[in-house]
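A lone chain, given as structure tokens: the form predicted on its own.
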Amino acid sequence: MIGFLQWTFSGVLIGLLYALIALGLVVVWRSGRIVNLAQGEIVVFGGFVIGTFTLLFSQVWWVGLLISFGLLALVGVLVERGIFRPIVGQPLLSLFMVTIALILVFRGVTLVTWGAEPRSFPTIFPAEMVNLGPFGFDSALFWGGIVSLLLVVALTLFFERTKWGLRLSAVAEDHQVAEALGISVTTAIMLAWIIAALLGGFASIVFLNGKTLTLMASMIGFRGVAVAILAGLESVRGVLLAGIIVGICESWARGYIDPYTGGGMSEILPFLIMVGVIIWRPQGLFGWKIIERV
């Protein structure tokens, strides 16, 4: 029984990490109807930036963190202004293809700047396990999970209670209507990309704390896509439950099925869930239902 609960609680923490990554997709989708497939690359890019500046300011590592997040916010501005602002209002397929190109842009910039060699990521969260009774948890996942919960609450309040959040939601509904109401579509999209870049930076700390950073770490972004689709791309609160569902299912598969499948089931399970959702409930668990007159 303890083993089952350990796998379950560990799955919850992993799911909160996936939810954190999925938040970056949801925020960008809510602002500009853009499926941000590049969030995994933003996580890796943010990891290299944070690793570089925390090393440069090793005596006052928090200064390096502040500089890193400032640079990531600037990257969000550059992505919106340099790539997405010229194509605002274009068909969804065009925006989708641009995000695929953005994956290559981030990977290319990372390769040119830091090279392809693996490097150690700094230990920002305590390296010791968090022990609660008979259960032990990775420190970064545990504390990062708590921060993820707070971020979900903060973003939910932002979208539902603040003028800027409501403006982003209006932009997601219809760009032309939003502009007619005096809402700047480009500013809303820029703000969304800034938030996505900052979320990616924090996700890199939780995911890579004390581990080895490689370009392949960006694959975790696709698990974020699976969580976002399960939740519904419009739902900030939904990513929390969707992330936990995916994380627990993956953890159970790792504990009880992987020994018989050579580790394969836990790798593909999130994507099997994603395919099932696309087939049976395309709007996700909490997505907006769109009714069109024909």
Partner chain sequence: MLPCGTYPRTYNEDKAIVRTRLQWLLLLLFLILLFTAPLFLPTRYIGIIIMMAIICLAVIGLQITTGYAGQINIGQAAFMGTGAYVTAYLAHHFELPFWLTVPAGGAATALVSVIFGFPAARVKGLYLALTSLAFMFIFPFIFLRLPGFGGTEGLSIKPAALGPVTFVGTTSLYYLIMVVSVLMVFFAYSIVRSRIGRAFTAVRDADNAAEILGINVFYYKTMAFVIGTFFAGIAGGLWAYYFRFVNTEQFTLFHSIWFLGMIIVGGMGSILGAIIGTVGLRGLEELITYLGPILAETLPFIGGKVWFAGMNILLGAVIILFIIFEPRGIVHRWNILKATYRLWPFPY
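Numbering follows the first chain given and starts at 1. Note that this is a predicted model, so its numbers are computed, not measured.
As for the form predicted in complex with the partner chain, it is not shown, yet the points below apply to it.
**Item:** Contact residue in the predicted complex, chosen from 37, 49, 253, 240 - any heavy atom within 4.5 Å of the partner chain
**Value:** Filtering the options by heavy-atom distance leaves 37.
#### Entry: The single option of 132, 97, 74, 153 touching the partner chain in the predicted complex, heavy atom within 4.5 Å
Checking each option against the partner chain in the predicted complex, the one that comes within 4.5 Å is 97.
Which is the contacting stretch out of 243-251, 53-61, 223-231, 66-74, given heavy atoms within 4.5 Å of the partner chain in the predicted complex?
Answer to the contact question: 223-231.
In the predicted complex, does residue 12 have a heavy atom within 4.5 Å of the partner chain? Outside the cut-off, so no.
Evaluate residue 194 for contact with the partner chain in the predicted complex, applying a 4.5 angstroms cut-off between non-hydrogen atoms, and reply yes or no.
Judged by the heavy-atom cut-off of 4.5 Å, residue 194 is well away from the partner chain in the predicted complex.
Residue 271 near the partner chain in the predicted complex, any heavy atom under 4.5 Å? Judged by the heavy-atom cut-off of 4.5 Å, residue 271 is in contact with the partner chain in the predicted complex.
Please run the contact check for residue 259 against the partner chain in the predicted complex: heavy atoms, 4.5 angstroms, yes or no?
-> Answer no; every heavy atom of residue 259 is more than 4.5 Å from the partner chain in the predicted complex.
Note to self: Residue by residue through 255-282, which ones have a non-hydrogen atom no more than 4.5 angstroms from the partner chain in the predicted complex?
What the structure shows: Read in sequence order, the residues that approach the partner chain (within 4.5 Å, in the predicted complex) are 261, 262, 263, 264, 265, 268, 271, 272, 274, 275, 278, 279, 282.
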